[in-house]
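The chain below stands alone and is given in structure tokens; this is the form predicted alone.
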Amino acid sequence: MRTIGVLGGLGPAATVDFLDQLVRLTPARRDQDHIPVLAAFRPQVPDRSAAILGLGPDPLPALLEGLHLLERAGADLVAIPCNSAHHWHAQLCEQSAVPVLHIARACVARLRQPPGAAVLVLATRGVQRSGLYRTALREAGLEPVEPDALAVQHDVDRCITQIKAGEPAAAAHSLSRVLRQAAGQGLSCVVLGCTELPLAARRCDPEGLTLVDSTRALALAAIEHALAEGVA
């Protein structure tokens, strides 16, 4: 059984959610069946979305520092429960001695949508600019829809900021407006492409939409990789 390294703190609440899902989704019946996990909380990593937009310092050196810390501690693979950080996934993999899971690919792999189906992606402005989900969805034969076209990105930004500020009820209110508008546009599937968004979504009426949790998808991918050498 492999040891999962979690490069977290990006933000802290999302990392706690990821760790909780790792525990709940692991097919374990006793303590000893669970997967060894090393977690590095690195909240001082510069803002990833701001950097993608050219509005802040490059977080790659800090991400690499955290990655190498986990490698030295004995991680056999690394999961980063932050979608925006995956803008640097290729650079991280180039300098990593262990596999680094890709959250967008893990998320899209969990979709059960017919070919050509439209999928709304809710994420930071940085992730939207990077094309992280646009690329993954098109490779899977699906059609990405970004919230700028629905004029709701402001509410998505507000929701993410409110979760980071410890205001889950306000965040749910912001996200609810987004989901109502998406349902009104006739969409049926929404990717929660920021790991703060699932924390708000659990307090919302899904409005009949299929909500795809990127945190859960990453946790499932990490569990599958960790147990590949023998199921607990």
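Residue numbers run from 1 along the displayed sequence. In this text the structure is predicted, and so the values were computed from the model without any measurement.
Keep in mind that the form predicted together with a further copy of the same chain is missing from the display, and what follows is about it.
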Legend entry - Heavy atom within 4.5 Å of a further copy of the same chain in the predicted complex - the one residue of Leu192, Val45, Ala171, Cys204 that qualifies: Val45
Legend entry - Three-residue site Val23, Gln32 and Ala165 fully in contact with a further copy of the same chain in the predicted complex at 4.5 Å by heavy atom: yes
Legend entry - Touches a further copy of the same chain in the predicted complex: Ala39 (any heavy atom, 4.5 Å): yes
Inset, instruction - Examine Leu211 and determine whether its closest non-hydrogen atom to a further copy of the same chain in the predicted complex is within 4.5 angstroms. - result: no
Inset, instruction - Answer yes if any heavy atom of Ala221 is within 4.5 Å of a heavy atom of a further copy of the same chain in the predicted complex; otherwise answer no. - result: no
Legend entry - 4.5 Å heavy atom contact, Leu55 and a further copy of the same chain in the predicted complex: no
Inset, instruction - Would you mind picking out the stretch of 157 to 165, 111 to 119, 139 to 147, 93 to 101 that comes within 4.5 angstroms of a further copy of the same chain in the predicted complex, counting non-hydrogen atoms? - result: 157 to 165
Inset, instruction - Select from 69 to 104 the residues with a non-hydrogen atom within 4.5 Å of a further copy of the same chain in the predicted complex and write them out in sequence order. - result: Leu69, Ala73
